[in-house]
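Presented below, as structure tokens, is a lone chain in the form predicted alone.
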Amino acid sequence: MILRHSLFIARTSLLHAWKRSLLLAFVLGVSLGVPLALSSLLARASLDMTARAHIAPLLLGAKGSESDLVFGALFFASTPPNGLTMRDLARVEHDEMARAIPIMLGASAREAVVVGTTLDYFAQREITPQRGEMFALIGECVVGANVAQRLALTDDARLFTDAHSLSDLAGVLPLELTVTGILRETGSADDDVIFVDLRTMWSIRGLGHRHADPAHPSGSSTAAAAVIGQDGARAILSEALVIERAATTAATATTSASFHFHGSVDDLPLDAALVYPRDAKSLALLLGRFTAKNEPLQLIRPELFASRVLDRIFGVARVLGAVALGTALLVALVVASAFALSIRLRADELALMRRLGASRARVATFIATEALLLAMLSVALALVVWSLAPLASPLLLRMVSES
């Protein structure tokens, strides 16, 4: 009975001075939640980065920033150094010591990152379409689960790649992409990108074009508007060409064959490659091939890079955590002092309770109940801050990749 009465009086008192109560609870809750949130955020980011770094034992790329290579090839969040070509894959696949899966970046569609790769990437990652099928032709794509939801894409939806520069009138124009499938959700960076094959990515970059009959360029008025030159009796169409879905197998083969790329395919560029050695001996031998000072390429182990980055992050985090904890203790002391001061300012109210017959123990129980309710409200707010912190893990990884 005493506790029920104390709870009623304490709740009524807090509601009467609700502004003061909310302010004290907010300050104390945030100060307690920040250290918890920082710890939770770093733990989640560490798990995400470690898991992503283990999707490939080795990464191949041009010599330069290891950070750009790792975050570009694995997280699609930066651009790896330029200089890798299709020909370079033979250096790691020689003697069947390893299998290399190429990765290309540098394009977007409706602000979603477009990634060029081969079907081996999906087989290695065991990613299958939730709806539709995988891409097979130039201009086809499959989209990650998050992209499909955000852009409201369905099978056979069409979208154009983003123009790099509106002022570059002679540059590469957008390419139309046709969605052939929606990938299953993986909880990784694969959910946030659009995948195309290498030929499509080379076309997006302007490294190829399509020839057609100038009188009937694909039977499309849009294609006719995309004529940029003449090659004998044939018209040269730009990469802005709308690629029509072929109704028959023969028409599909004709459409695909009408594209050709500038120079040898072996010399066409890549941004990175995921390398899967045959065994531990092959891994060691491959690493030894790329240690020369004049070596234009680099072969790195992403899990070691991730370990170094996380060590630095957690080193800074320990300092920030100590500061946040000290701040939380200081704020808790200030809140306790403010609550004690409010009790002193309510001396007349407490004296009236005594004159009405309340014992010292009952008055103390009322004050303790009010403090407990205020503390519970603060802890609830701290738990909300703590539970929301892991949602910022992708943002933290992006900030690290861009630093």
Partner chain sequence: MRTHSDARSSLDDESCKSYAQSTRHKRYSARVLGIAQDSSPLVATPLLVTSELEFRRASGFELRVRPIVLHGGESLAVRGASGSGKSTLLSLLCGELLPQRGSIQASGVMISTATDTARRKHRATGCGQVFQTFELVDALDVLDNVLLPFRLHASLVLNDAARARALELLERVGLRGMERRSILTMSHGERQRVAIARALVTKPSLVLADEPTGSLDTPRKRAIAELLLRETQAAGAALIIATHDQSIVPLFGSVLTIGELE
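In this text the structure is predicted, and so the values were computed from the model without any measurement. Numbering follows the first chain given and starts at 1.
Below: the form predicted in complex with its partner chain, not depicted.
A.B. asks: Contact with its partner chain in the predicted bound form for residue 21, defined as at least one heavy atom pair within 4.5 Å: yes or no?
C.D. replies: It does not: once its partner chain is placed as it appears in the predicted bound form, residue 21 has no heavy atom within 4.5 Å of it.
A.B. asks: Is there any non-hydrogen atom of residue 50 lying within 4.5 Å of its partner chain in the predicted bound form?
C.D. replies: Output for residue 50 is no: heavy atoms all beyond 4.5 Å of its partner chain.
A.B. asks: Could you confirm whether residue 352 comes within 4.5 Å of its partner chain in the predicted bound form, counting heavy atoms only?
C.D. replies: Residue-level check for residue 352: yes, a contact with its partner chain.
A.B. asks: Though only this chain appears here, would residue 359 touch its partner chain in the predicted bound form if you measure heavy atom gaps against 4.5 Å?
C.D. replies: It does: once its partner chain is placed as it appears in the predicted bound form, residue 359 has a heavy atom within 4.5 Å of it.
A.B. asks: Just to be sure I understand the contacts: of 382, 25, 389, 9, which is the one whose heavy atoms reach within 4.5 angstroms of its partner chain in the predicted bound form?
C.D. replies: Of 382, 25, 389, 9, the residue with a heavy atom within 4.5 Å of its partner chain in the predicted bound form is 9.
A.B. asks: Where, among 343 to 351, 65 to 73, 28 to 36, 374 to 382, do residues come within 4.5 Å of its partner chain in the predicted bound form by heavy atom distance?
C.D. replies: Comparing against its partner chain in the predicted bound form, the contact stretch is 343 to 351.
A.B. asks: In the predicted bound form, does each of 46, 305 and 308 have a heavy atom within 4.5 Å of its partner chain?
C.D. replies: Spot residues vs its partner chain: no contact at all.
A.B. asks: Scan 10 to 36 and note down the residues that get a heavy atom within 4.5 Å of its partner chain in the predicted bound form; none is a fine answer too.
C.D. replies: Heavy-atom contacts within 4.5 Å come from 12, 13, 16.
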